[in-house]
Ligand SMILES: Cc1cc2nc3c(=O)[nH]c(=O)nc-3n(C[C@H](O)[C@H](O)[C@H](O)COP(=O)(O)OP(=O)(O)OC[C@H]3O[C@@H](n4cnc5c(N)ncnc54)[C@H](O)[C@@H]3O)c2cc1C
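There is one chain below, alone, in structure tokens, taken in the form predicted alone.
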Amino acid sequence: MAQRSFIVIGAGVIGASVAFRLAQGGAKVTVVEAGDIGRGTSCNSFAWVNAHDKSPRAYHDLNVAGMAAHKHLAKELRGDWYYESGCLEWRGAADREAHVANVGRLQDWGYNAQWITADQALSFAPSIDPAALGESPVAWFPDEGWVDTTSYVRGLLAAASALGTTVVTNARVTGVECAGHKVVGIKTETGTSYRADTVVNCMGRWADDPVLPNELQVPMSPSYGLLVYVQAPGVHLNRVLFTPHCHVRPDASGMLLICKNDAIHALGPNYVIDVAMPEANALIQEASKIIPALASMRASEVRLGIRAIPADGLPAIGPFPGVDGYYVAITHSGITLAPAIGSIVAAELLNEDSEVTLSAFRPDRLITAP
């Protein structure tokens, strides 16, 4: 049988994962990335691996599969990118009831969610101010963690390249080539055309880019988050903290990463991001309510994260209605889901058999067939 060929658009965590598993399955793969490796959305993320506040159940289960796949993949490739640190979570008074209900639901679903005492929490993260915990119940999620996304992407692409994958960087896609209702390739701004049996759109946030024909776009609803990196000598933190003020975790750079799920002020893709911006210092001050030692510190690096969220908040994974040779893999929680999606999508594409795991997440719920 002739070797199947695939173009994967996007070299983030999803694209790298799909490319690696396709190549491992014997396919001819070309990855086309608009910029440099490790500079896109995946690498501007809090990169928290978890399934603890995700519904409906099918989405939760997919994230649990992603968590398990991270452990397997790190062992398989001897990767140094996955940190199973555990996560501490507490909420403010206004959200306490919802927090308790969510942890109870997770326990009912068999998820490893535990209630712990304040003293236990402080033993896990001694830099926390005890007063920050207040009277809030503290949940401990020992199976959660985080990913060094740059190392992950580079590791997966190196493994794919060793299997014959071609990785093309700094080549923004400017068009899709079709023959009737079949996608047969892509064009890039360098003037180069690439042809394959199937084009796999792993463009993340840019899955609705106007360079794509209207009928091939995934409706998106992105949101923005501020990421502030701080050199914090003397602060020892090796857990993920999910708190009423902000989220904090260690980073492979040796710095602490502070994230605000909803940016302090309305930020957008054209907002000027730098270490002197008032929002960065404001976020550090929020974090100092949890870790007082941060109060006198300043940002070493600031990034804007743009989340790749399909219009209804759930993944869009599968072939497009009415179009042959075109497949999409677009999702929020891409860091958690990447290794599982890579395996599931590759199996579906190579075996040409529908994967039931993805049945709730097909893109046709968002797309009107041409």
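In case it trips you up, residue 1 is the first one in the sequence shown, and so on. This structure is a prediction, so every number in the text was calculated from the model and none was measured.
One more form of this protein, predicted together with the ligand, exists but is not displayed; see below.
Novice: Give a yes or no on whether every one of V18, K182 and A196 sits within 4.5 angstroms of the ligand in the model of the complex by heavy atom.
Specialist: No, the whole trio is out of contact, none within 4.5 Å by any heavy atom.
Novice: Would H332 count as a contact of the ligand in the model of the complex, using a 4.5 angstroms cut-off between non-hydrogen atoms?
Specialist: Yes.
Novice: Examine M203 and determine whether its closest non-hydrogen atom to the ligand in the model of the complex is within 4.5 angstroms.
Specialist: It does: once the ligand is placed as it appears in the model of the complex, M203 has a heavy atom within 4.5 Å of it.
Novice: In the model of the complex, does R172 have a heavy atom within 4.5 Å of the ligand?
Specialist: Answer yes; at least one heavy atom of R172 falls within 4.5 Å of the ligand in the model of the complex.
Novice: Report whether the minimum heavy atom distance between G305 and the ligand in the model of the complex is within 4.5 Å.
Specialist: G305: yes, in contact with the ligand in the model of the complex.
Novice: Just to be sure I understand the contacts: of A252, V275, V211, A118, which is the one whose heavy atoms reach within 4.5 angstroms of the ligand in the model of the complex?
Specialist: That would be V211.
Novice: If the cut-off is 4.5 angstroms on heavy atoms, which of these, V328, V345, L62, V32, is the one near the ligand in the model of the complex?
Specialist: Residue within 4.5 Å of the partner: V32.
Novice: Counting only non-hydrogen atoms, choose the one of 230-238, 172-180, 77-85, 98-106 that falls within 4.5 Å of the ligand in the model of the complex.
Specialist: Of the stretches listed, the one contacting the partner is 172-180.
Novice: Going by the ligand in the model of the complex, which residues of 5-19 come within 4.5 Å of it through any heavy atom?
Specialist: Stretch hits, in order: I9, G10, A11, G12, V13, I14, G15.
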